[in-house]
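Let's start with one chain on its own, the form predicted alone, as structure tokens.
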């Protein structure tokens, strides 16, 4: 389904993005759920799918992780089923993310879908990332508080919550309504009736993740092999002292690695194009030959990108799932990055080059793209 979002993006980015939460009533008019509760429950039975059940009875919280074998033990109130990265496994649901591409692709993470019975929720909590929550079938009440320093506690080892808060937004959401919540604003949602909710979350790497990821890249490529040197060393009174100038030189050695644009861009392209969740890879059997791919694209067949696949451009290079798309045909690689469906016309003259066709064959035979029909 082609979901049309009724939103003035320029106004939204200036007034709300990473600044204030906002309720968007009827952001999607005449909203139709892309998935049913039964389909969602079926996904949570699969080993590869990240899912959890959260319940609370008589003030006691419980969390269990999938895959699940049955839901027969659940009652009619106070529980939620949450399934991560549904866009990787259910193409109609992935379409919900398309209208939000006004935010750059590299910032977008995944689509989490929850099904909740009356009273179901995960309690008051805060997140360190931006999220759009779309109301599907049913009704749910959402409360959002002001961004203030709040202590977090764990009523269960797998659950992090905050204390009750005063609300600056307190609304019942109906199908098609959307609430946007920036990082750090406490919020709580609970169902008033059986309800589906769709949460589009955004990546926000912290400094530890960046340093760790870049260090792995440096080690894997044996960069930074230059050793510290001090040809102008002079005798000092205190042999145990490390001078500020020496610390500066050591810091400069480390910064030199980061400040090389080619290395930094190469690392970030690989780092940020990797998915944090399993992909529904299904390599074709038998594999396609380059000539078959050429004929299919020239005859009008369409290539579809795998759900959840991250395809990004950094400078003049494109990356897919942690790998560089190694080709001199930037326009063709850019078409793979920009579009979810790709035609032979979009790839242009690159299709006539055997080396590009060989590279494209590897991507298709890896299951990253597939022929739509």
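In this text, all values refer to a predicted model and were calculated from it rather than measured experimentally. Residue numbers count along the first chain shown, from 1.
Although not depicted, the form predicted in complex with a small molecule is the subject of the following passage.
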property	result
Heavy atom contact within 4.5 Å of the small molecule in the predicted bound form, the stretch among 276-284, 117-125, 86-94, 160-168	117-125
Position in contact with the small molecule when the complex is considered in the predicted bound form, options 271, 142, 100, 294, heavy atoms within 4.5 Å	142
Contact assignment for the small molecule in the predicted bound form, among 178, 108, 150, 82, heavy atom within 4.5 Å	82
Residue 199: touches the small molecule in the predicted bound form, heavy atom cutoff 4.5 angstroms	yes
